[in-house]
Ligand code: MD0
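A single chain, nothing else alongside it, follows as structure tokens in the form predicted on its own.
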């Protein structure tokens, strides 16, 4: 949304406060929530309204996905990064961060272990490691090789979450077998973006996802909650995600990190994240929306699933070592972030893991629909 539209949304908020409970009842069937209604739910959530919102979101999830959820394994291959993001533990200048790069042998073994556990996708994640980003002809060769070897060894879809990369690298990632490209904007408020992603280019980051879509890859976009964003910022981001054509959308609660400029920022409740997840489900009923284990671990999984999420991300088997960005050891070594660890929560929520064939079908169908959509847009132009 542009600034003029944002002002219209705010005005509408003040004039459309009544009847939201009734509208939520109907929204469970037709997904109709105006921006003003969404802002009200974010700004003034009451238990009764949230109960109706989450119930509506679950009905939308059931309509599109039944009781099946998808499961993503998390494979962090490098904690080195050239960036200075004010929120990130692995920012370039943080001397408290433990740095490592996994070897090809370590990557292969971790991927095989995740595949044996039953995940549907391997999320290959790294900072913008200066060793990957060079002027050499084999720039990003280790990442490309990792994607290729994981696909060959596990036959699972791969998500590449390695920061902003040139178009030529996107070509090579796609050719190596990467189905997904994840690159979170965190916010679409440009002033806030500059505060969070210090020294980075908003347009370049956004364009990298557009370029990935043009190469037939699916794209994940993500937001941070609790970093100074307004409710209008979040609603504006839904519009930006729609224009991008994102295939998976996520929200995560900011966790203050030692050694960063935002270390003393008061931690936020995860409720705002859960409301955002539910609103995403209403706006994007057929998309994938993760419930991440990175913030609250297993204890927070049910809240996010009850809000309409249909993907459990950041599954990490025991013995994998430093693994997460927000909470690097939460629930890992005791097995609570494994398939066995989350199974009771899924059952409590009335959910069960999809099969790998069901996930592959969703990915293939989403790519097919995106291809024909892009062709129609190109012909119209």
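All values reported here derive from a predicted model rather than from experimental measurement. Numbering follows the first chain given and starts at 1.
From this point on, the text means the form predicted in complex with the ligand, which you will not see here.
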| query | finding |
| --- | --- |
| The single option of 125, 113, 142, 265 touching the ligand in the model of the complex, heavy atom within 4.5 Å | 125 |
| In the model of the complex, the residue from 209, 250, 188, 281 that sits within 4.5 Å of the ligand by heavy atoms | 250 |
| One stretch from 289-297, 103-111, 237-245, 147-155 that, in the model of the complex, holds residues within 4.5 Å of the ligand by heavy atom | 289-297 |
| Contact of residue 184 with the ligand in the model of the complex (heavy atom, 4.5 Å) | yes |
| Contact of residue 195 with the ligand in the model of the complex (heavy atom, 4.5 Å) | no |
| Heavy atom of residue 230 within 4.5 Å of the ligand in the model of the complex | no |
| Contact test in the model of the complex: residue 60 vs the ligand, heavy atoms, 4.5 Å | no |
| In the model of the complex: members of 161-177 within 4.5 Å of the ligand, any heavy atom | 161 |
